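Only one chain is shown below, in structure tokens, and it's the form predicted alone.
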């Protein structure tokens, strides 16, 4: 899979721009706040339907404007495709595939796939559980588009239940209705995460072993409040049903839902030790690098094609050994790299070099 071009209008700090990409390595450079990461955000919108930064749709719209537009042309095993998205301040976004409007996000996701790697991902090991949940959910939704609908529905029902608990209105019967819905959705989310973590571990272990010459073994453990070693979605659902029943009074007192996949996490271990507690900074970075490369490899195995790799100012954060490793492992794939210093990319073999300034691609070199 490769992206051919990206067009944006009134997107972040860009008025209007169309950028063409080549096979292999593509370099986008310029000063801080020049708009480099904004381009990667626009591209990633087509992979995940949302920002990797956590921005809301209206945050993409250029100041003073009421809407923004982005469009990509890409090639996959089925030929050349086009996707578009129009974002509004006060209306629901519109999404398009080959000029035809799509009403369901699940019909849009999975068409174009990308792996994003930013400096924030280097905090994946020691960062918050929310960051790790976000990482795995964004990865799953690209290979299994219907998953995003389940997560969205879970969040909608969760918000309704929390409003009920917070305001102490309604009845226990209504809470039970919400709990019943949450249990089924939670089982689906948990089972998908468990399966993905297992597959991701197998791929990440190979990269970690290769990168450290066999000195480090990486393992992952998904941690759910409903327990572990699940056999089926029905078993997970039953455990959540029992959990909500036994903790009903506790949730009423706290005024919020205390249990569910929105509280889950996964742990990263190196040689059997929790990486968050015992790994050096170098080991943590190797682990994250292995996870991101594994995400791309797993995407290939699940879909038949490698995704596009988006490296947002990440190479400047890595030492020479890890920098070389990620470039070697992405060789033969399409990679879009951003950075500040032109000199930093002097030794890179790249057909496309784009200089950004104030949201505009000033020239290609």
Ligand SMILES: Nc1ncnc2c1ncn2[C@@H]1O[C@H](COP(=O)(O)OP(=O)(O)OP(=O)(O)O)[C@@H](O)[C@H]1O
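Just so we're clear, the structure is a prediction, and the values are computed from it rather than from any experiment. Positions refer to the first chain, counted from 1.
Same protein, other form: the form predicted together with the ligand, not shown, and the subject of what follows.
- Among the residues 299, 67, 334, 38, the one placing a heavy atom within 4.5 Å of the ligand in the predicted bound form is 38.
- Of the candidates 62, 50, 322, 329, 62 is the one whose heavy atoms come within 4.5 Å of the ligand in the predicted bound form; the others do not.
- Although the partner is absent from the chain shown here, none of 20, 72 and 354 has a heavy atom within 4.5 Å of the ligand in the predicted bound form.
- At the 4.5 Å threshold, heavy atoms of residue 31 reach the ligand in the predicted bound form.
- Within this chain, residue 350 is remote from the site of the ligand in the predicted bound form, having no heavy atom within 4.5 Å.
- In the predicted bound form, 340 is the single residue of 328 to 346 with at least one heavy atom within 4.5 Å of the ligand.
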